[in-house]
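Let's start with one chain on its own, the form predicted alone, as structure tokens.
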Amino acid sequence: MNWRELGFNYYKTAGNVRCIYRDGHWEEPFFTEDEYIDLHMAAACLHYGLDAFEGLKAFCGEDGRVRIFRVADNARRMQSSAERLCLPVPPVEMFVEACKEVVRRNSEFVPPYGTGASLYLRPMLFATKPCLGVRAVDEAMFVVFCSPVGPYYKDEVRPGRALLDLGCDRAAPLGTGDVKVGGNYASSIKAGDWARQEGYANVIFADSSERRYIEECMAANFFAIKGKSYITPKSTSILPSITNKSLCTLAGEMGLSVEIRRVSIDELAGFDEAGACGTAVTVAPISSITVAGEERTIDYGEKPGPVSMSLLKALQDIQYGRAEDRFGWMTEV
């Protein structure tokens, strides 16, 4: 593979790990080369959105060792998603071991150190029981597959323009916005597609109650820098990003005050830097935010802000083994 030219796409690998839940317990996990899943046409996941997923990465470090980033945290977040959807809850140990096994079995697809690429893991959980009624089900499948992916930025980090869409709700305040389920992303695709057609790299959503407060981006959390503060929105409908949690920790270590609170749209003009953060993008600086339907654009500059870049470097140094894993975030395979 040309590791440096990989995009964020699916590439066929050696196989995946699966585990079936039925008769009240999880069966033994198994490895398969099959890329396809045999589902009944009445499976609850196909009709009622009973599916959850996670995204995390494995990195080949400077020392040649392969490590997964915060895998147990992803396991616990999937447990929250499963509980919200009344799906069988995968044990943390099963989740972690399945991820490690997928990395082991696909070692040839772990991009070498220095390429900027990584091995992306996608754990999935979905209801497999056929049913017509809207109700909880007692049969499910847990799957972990992987794909090598390239860095979000091929060369240097370039901030992108963002569109603040006040005409679309990503999630309701007491809905499923704080768990990682498929329906949350389905509701954002139309807005994201429109934003890209208009030349924007990202779309930002506001709260659905008042449309006065920033929530999150299409597939990432929002953060901002103001003076010596790292600021990120707080809401019952925001997915708790593991990348964002990591940046909060690193920001505090760098001497920044960390503010997790409601962030008013009116505050945007007072920020020094703004960005999106998540597993796929890691840190994606924002050059400007345009409020849809208004002749108003807030500019942050065409070059990435120094604090955002310092946080990105600090995180990647841990992920690639260039710095001590002082928080116990990496799991060696």
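These figures come from a predicted structure and were not determined experimentally. All residue numbers are counted from 1 along the displayed sequence.
Here the subject shifts to the form predicted together with ligand PLP, a form of this protein not shown in this document.
Only one of L50, A58, I289, C277 lies close to ligand PLP in the model of the complex, with a heavy atom inside 4.5 Å, and it is C277.
For the options C248, M218, V149, V110, the one in contact with ligand PLP in the model of the complex, meaning a heavy atom within 4.5 Å, is M218. Contact with ligand PLP in the model of the complex, defined as any heavy atom within 4.5 Å, is confined among 206 to 214, 254 to 262, 156 to 164, 239 to 247 to 239 to 247. Contact here is defined as any heavy atom lying within 4.5 Å of ligand PLP in the model of the complex, and by that definition not a single one of Y10, K100 and R105 is a contact residue.
For the chain shown alone, W194 is not a contact residue for ligand PLP in the model of the complex, no non-hydrogen atom being within 4.5 angstroms.
Contact between R77 and ligand PLP in the model of the complex is found at the 4.5 Å heavy atom cutoff. Using a 4.5 angstroms threshold between heavy atoms, K180 counts as touching ligand PLP in the model of the complex.
Contact residues in stretch 160 to 174 (any heavy atom within 4.5 Å of ligand PLP, taken in the model of the complex) are limited to R170.
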